[in-house]
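As a starting point, one isolated chain is supplied in structure tokens, in the form predicted alone.
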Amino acid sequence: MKALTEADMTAYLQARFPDWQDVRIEGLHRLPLGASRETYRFDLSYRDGAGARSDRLILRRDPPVSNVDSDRNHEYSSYRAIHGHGIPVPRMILLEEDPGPMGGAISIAEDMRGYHNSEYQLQEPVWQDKLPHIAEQMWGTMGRLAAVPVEKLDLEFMTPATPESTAMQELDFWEATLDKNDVGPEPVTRAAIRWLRRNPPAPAQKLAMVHGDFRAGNFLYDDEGNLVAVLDWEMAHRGDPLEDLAWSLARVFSFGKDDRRSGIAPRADAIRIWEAASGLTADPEALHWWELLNCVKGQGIWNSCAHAWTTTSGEREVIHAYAAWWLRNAQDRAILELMGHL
């Protein structure tokens, strides 16, 4: 894939904003984050009619092959849709869908530099006393997202859904993803799909803007453990808010040291916080269905990683091989646990 350079960025911004003078890009470098998109950080300075300006910015670029079937417009529009509705997110600044200038579609957002986002850091002893507070922040924010009236959001770019249709719609999507990125026999995952089709959940209590990947590692927090921004909205969609809660409880994101989900809080505490913030009820049977659905979703993503690793020519992303090798086995184990066969 085309290397991203400061010279290319400068030329692009000068062409995009002809009124800007003395455009200067500094410190452009790729961050070791994520498996689905390339993320870069840089400093921008320029001069316009209002005088000298400077910004610290984040750039995300779509690669030729990804483990998540999404694009720059979807994530950019998702951030813009939820911004100003009580869920903290970085401010979106620019969307370029033409892959020509920068070697792939890009979006640029404010860089909330200086905060933490490592889920692994939270496992260190120095953070242990702060985990109850972080749990309130994480599942409280997730609950408030579930409570946002979906009809007040501009989600026209998303696939329509109803409380009755969203469950099977998601199952259809992720089964199709598995079929598209077939890696061979999947007896455990296919058994889960058969069970999900035979045992559909009750309609959603309400439709919500589902983040799709809300877990430790996808939000920024300060030194006191206060959540300051939710990141990575590329899988956002209309749906049942139980899907986000179920994803955050996934065994594969629990680090395996104890029963804390997302490595932060016991399952019961997470559910209690989410229910209080959302005003909704986490019906055990419906939540179980969504936890199992999310295992199928996870396996779809890990298989997509395997597909990306085996079909990409030239330079490949090592994280695709790592996820395919490690998480597929962990996902099968999580399915067996949820189906009572472990």
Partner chain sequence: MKPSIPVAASDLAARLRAEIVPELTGFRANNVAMGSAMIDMIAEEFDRAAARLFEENAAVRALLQCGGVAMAAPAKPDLRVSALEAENDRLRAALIDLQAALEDRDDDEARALDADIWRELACSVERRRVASANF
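For clarity, every value in this text was computed on a predicted model and none was experimentally measured. Residue numbers count along the first chain shown, from 1.
Below, we refer to the form predicted together with the partner chain, which is not included among the displayed structures.
Kindly indicate whether Arg251, Trp325 and Glu337 are, all three, within 4.5 angstroms of the partner chain in the model of the complex, using heavy atoms. Answer is yes for this spot.
Looking at the partner-bound form in the model of the complex, is Ala330 within 4.5 Å of the partner chain by any heavy atom? So Ala330 counts as contacting the partner chain.
Counting only non-hydrogen atoms and a 4.5 angstroms cut-off, does Asp62 reach the partner chain in the model of the complex? It does not: once the partner chain is placed as it appears in the model of the complex, Asp62 has no heavy atom within 4.5 Å of it.
Distance check, Glu186 to the partner chain in the model of the complex, heavy atom within 4.5 Å: Glu186 belongs to the contact set for the partner chain.
Even though the partner isn't displayed, in the model of the complex is Glu317 close enough to the partner chain, meaning a heavy atom within 4.5 Å? Although the partner chain is absent here, Glu317 would touch it in the model of the complex, with heavy atoms inside 4.5 Å.
Which one of these stretches, 193 to 201, 226 to 234, 167 to 175, 78 to 86, sits within 4.5 Å of the partner chain in the model of the complex when only heavy atoms are counted? Contact-bearing stretch, as computed: 193 to 201.
Identify which of Lys152, Lys180, Arg91, Lys257 has a heavy atom within 4.5 Å of the partner chain in the model of the complex; exactly one of them does. Residue within 4.5 Å of the partner: Lys257.
Do Asp223 and Gly256 move together or apart in the model of the complex, judged by C-alpha distance changing 3 Å or more? Closer is correct, given that in the model of the complex the C-alpha spacing of Asp223 to Gly256 is reduced by at least 3 Å.
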